[in-house]
Every structure is written in structure tokens, then in C-alpha cells.
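Encoded as C-alpha cells, the following chain is the form predicted alone, with no partner shown.
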């Protein structure tokens, strides 16, 4: 450890590191693909909807959202954010998109060659852009603007997602599956034309099954984290989740790596091994983390804060048996939809109809036995922020669990103050202690 370097307090799970390495590997593979004359695509996070198609067509994929996080974590996002400002994009736009606009401007300034200063070799110029309308309201306009910089086609994946009440309408689910299946077939035709070859349907079938199995194991890992003390901190989850969320690299290898992670976490549960030296408080984190300031969690770990569950959008759905669905396109459509609607029925029964992204945290807090919630509203992301004040209210109203709300940003360090968060830790601990007593008196089991 170098002089002045802060000691890492979190007991990292060793099996996480090979999964984390797949992020760097994905960027290297995309650069190698370009050199070998193979296509590379920039894609929006699409929750395993379009990704299996690209994998089956042997297309290397990089994800500008993930790369925005990588720029922030490497501490080099500022120059790309400044470039986006100079290009005329407003500062209240998504931090991922602003970093991406700055990067794209720099890329094209260099004739389509990745900037030499870019972390992990950068993102090469894509064959086309795969956008998505799921969740984020800036998504398709973001990639539309990128298409103008890069002068490449843009395909936007439709992602039908009704509200909780609307979902109860007769045949709603099946109609969404039919719409998604038709749309995926259109997308395949587009990709076949772009790369000049036909789909390998057997390979797509295999990838769809591997995708679901990887996410099943990932789900089971998070179930293990209900143990006290929690064996795996949110930092390890965030490091290990990209191969499942983005289907990075060889999927058979990824599946084995997740099985290794499961085995190590299970062994920790068996031995009572904690992710931090002393678990005094168990917390849930929502939504997107401050990628530029992850050492904040080491400082909170010193105080006994163990982050045991996090960020609904990053988590796979509970396992679902789709073995009866012979068409891989329909299987993919059903699985991708299931990621979003798997908790709709429970949310309706619990009368939490403002949004499943509120209900799910009631489930997390009660099942993972959390003492508090760390809520991170973002200056530049409405979709990951607007529900958080309501979430704080409903956690207190229904579960007597307090929330610490710390405003910030996913990419722009100038919009986040970790020192302020640390100063607020001690009074929040007093609140968590108080509401432990309140819950006991109210008959809760934690």
C-alpha cells in the first residue's frame, strides 16, 4: 500500500475478480474485432432483449452506459463531459450520455480512431447503434444524436411496459410477447442485412438458454446475501454483474465464473464470514452508484455499514421455466419482459401501484432485513430519481425503516460530495438505532 493510500476495509469476494476482468476484456475484443474486419456495435442496456441476437451473429458489443461508468471510475470523465458541454449539450442530461457525446466527438475528431488517452483502449467506431426505449426517457434521442456524430444507422428496440394496473387487462402479457417477438424478428432481418449473413438459429437457442442460466445463478447468489452477517457487499455485486447484465464474453465461461462466485459466497455463509469487519447496520442502496467515489463505501464499512442489496434494475428476475417455449425468439421476449413484470402481481396485492421500482425495495428491505436505505437521486437522471422521495416515505410508513438521501451523479464528480455523506453518517446511525426499537415494538422480526 503506497503512502497516503486508504486501506480497503471491505472483504472482497475473490471469485468476483475474473468476472470484473470481463469488462476490460470486452473492450479489447471490440478493438481486435475491428482490426480483423469484424463488426462492432454500440448498444444501449436492453435487459437481455437484443443482446442474444448480437451474440448469435458473432458481433462484438460495447455499452456506452458501462463505458461512462468506467470513465468515472478511472477519474477521467471530466474532459469528455467538458467536450459535451462545448458541443452544446445541456448539463442536466444523463451523465452517461454526456460523457458519451464527448467521447464520440473526440473519436470522430481522430478520424474514427479511439482516443489514445481512453481507458481500456476505448470504444471503436461501430457498424451501427442499438438503442432501446426501456426505462430511460433520454435513450433513443441519445443514440439518434450519436448517429449524427458517427454517421451510422440506429436501430431502436421497442420495449412495451404497461403500468401495474394496466398489466391486469385481459391478454396484456401475451400481446406484449407477440409485439416483442415480431419486433425481434424485424431486428434480426436488419442485423442480417448489416453484416451480410444469416442467423444461426441453433446458436441463438443455445445463447438464450445460457443467458437464463447465468441469471439464475446470479439470482441465487443474491439470495445467499440474506444471511447475517452478509457475506458479499454491494461493491462486489456491482463489479460482478456486467457479464450477466450485458452478456459479456464467452457465456459458458461466464456461467462457470458465476458458479464459482456462488460457491465462495455459500462457503462464507457456512463459515459466518462477513463482507466487512463488523456488521452493525444492513443497508439497501438505490439506485445508480457514484462510480467516481466508490471508496465512500469503504469509509462507511469502517463504521459497520454493510450494503447487502441494491439497484433493482441490475438484478435478474426470479428464475422462470421457459423450457416449453421452443422458439428462441419468443423465449427471449418472454424472459426480457419477465425482468420487468415479475413483481407486478405482488405490488398490486400490496397496493403499491405507484411503480414496481418502489415495491421492489419493500421486498428487499423486509427480506434482507435492512436497517436503513441509502438513496442516491441523480441530478442528471429522472428515471432513477423521481421515485426515491416516495420510496423513503413508504419505507418509513410500512416498515419503519429510515432513509439517507444523498444527491449526486453517476459520472460528474462535481455534483457529488462524499464528505457530506460521511458527515451525515453518525446522525443517521442514531435514526437506524431508534427505528430498530420501533420495529421491535411493532412486531417486526428485525
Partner chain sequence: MAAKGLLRAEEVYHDPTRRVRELRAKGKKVIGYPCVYVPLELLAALDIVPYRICGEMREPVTEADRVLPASFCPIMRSCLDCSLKGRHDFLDGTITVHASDPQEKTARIWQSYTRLPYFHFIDMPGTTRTEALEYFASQLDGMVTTLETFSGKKLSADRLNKAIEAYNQQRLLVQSLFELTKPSPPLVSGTEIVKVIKAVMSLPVDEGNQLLNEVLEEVKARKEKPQAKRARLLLWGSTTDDAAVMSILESNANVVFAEDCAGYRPYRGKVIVATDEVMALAIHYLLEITCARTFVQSTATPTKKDYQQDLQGRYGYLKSIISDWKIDGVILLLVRYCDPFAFEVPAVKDYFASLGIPATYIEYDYTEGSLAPMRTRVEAFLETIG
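Values in this document were obtained by computation on a predicted structure and should not be read as measured data. Positions refer to the first chain, counted from 1. We call the rigid core whatever largest set of C-alpha positions still superposes within 1.5 Å between the two forms.
One more form of this protein, predicted together with its partner chain, exists but is not displayed; see below.
Which one, 199, 266, 294, 133, lies within 4.5 Å of its partner chain in the predicted complex by heavy atoms?
It is 133.
Interface residue in the predicted complex among 206, 186, 253, 279, criterion: non-hydrogen atom within 4.5 angstroms of its partner chain:
In short, 186.
4.5 Å heavy atom contact, residue 379 to its partner chain in the predicted complex
Yes, residue 379 is a contact residue.
Can you work out whether residue 38 and its partner chain are in contact in the predicted complex, taking contact to mean some heavy atom pair no more than 4.5 Å apart?
Although its partner chain is absent here, residue 38 would stay clear of it in the predicted complex, with no heavy atoms inside 4.5 Å.
Using heavy atoms and a 4.5 Å limit, would one call residue 229 a contact residue for its partner chain in the predicted complex?
Contact with its partner chain, no.
Quick one: is residue 287 in contact with its partner chain in the predicted complex, heavy atoms, 4.5 Å cut-off?
No - in the predicted complex, heavy atoms of residue 287 and its partner chain never come within 4.5 Å of each other.
Any idea which of 308 to 316, 139 to 147, 221 to 229, 67 to 75 reaches within 4.5 Å of its partner chain in the predicted complex, heavy atoms considered?
Checking each option against the 4.5 Å cut-off leaves 139 to 147.
Using a 4.5 Å heavy atom cut-off, are 11, 20 and 108 all in contact with its partner chain in the predicted complex?
Spot residues vs its partner chain: no contact at all.
Can you tell me which residues in 357 to 393 come within 4.5 angstroms of its partner chain in the predicted complex, by heavy atoms?
Heavy-atom contacts to its partner chain in the predicted complex: 357, 379, 382, 383, 385, 386, 389, 390, 393.
State yes or no: after fitting on the rigid core, is the Cα displacement of residue 99 between this form and the one not shown at least 2 Å?
Passes the 2 Å threshold, so yes.
Aligning on the rigid core, do we see the C-alpha of residue 368 shift 2 angstroms or more between this form and the one not shown?
False for residue 368: its C-alpha shift is below 2 Å.
When the rigid core is used for the superposition, does residue 89 move between this form and the one not shown (threshold: C-alpha shift of 2 Å or more)?
Residue 89: C-alpha displaced by 2 Å or more between this form and the one not shown.
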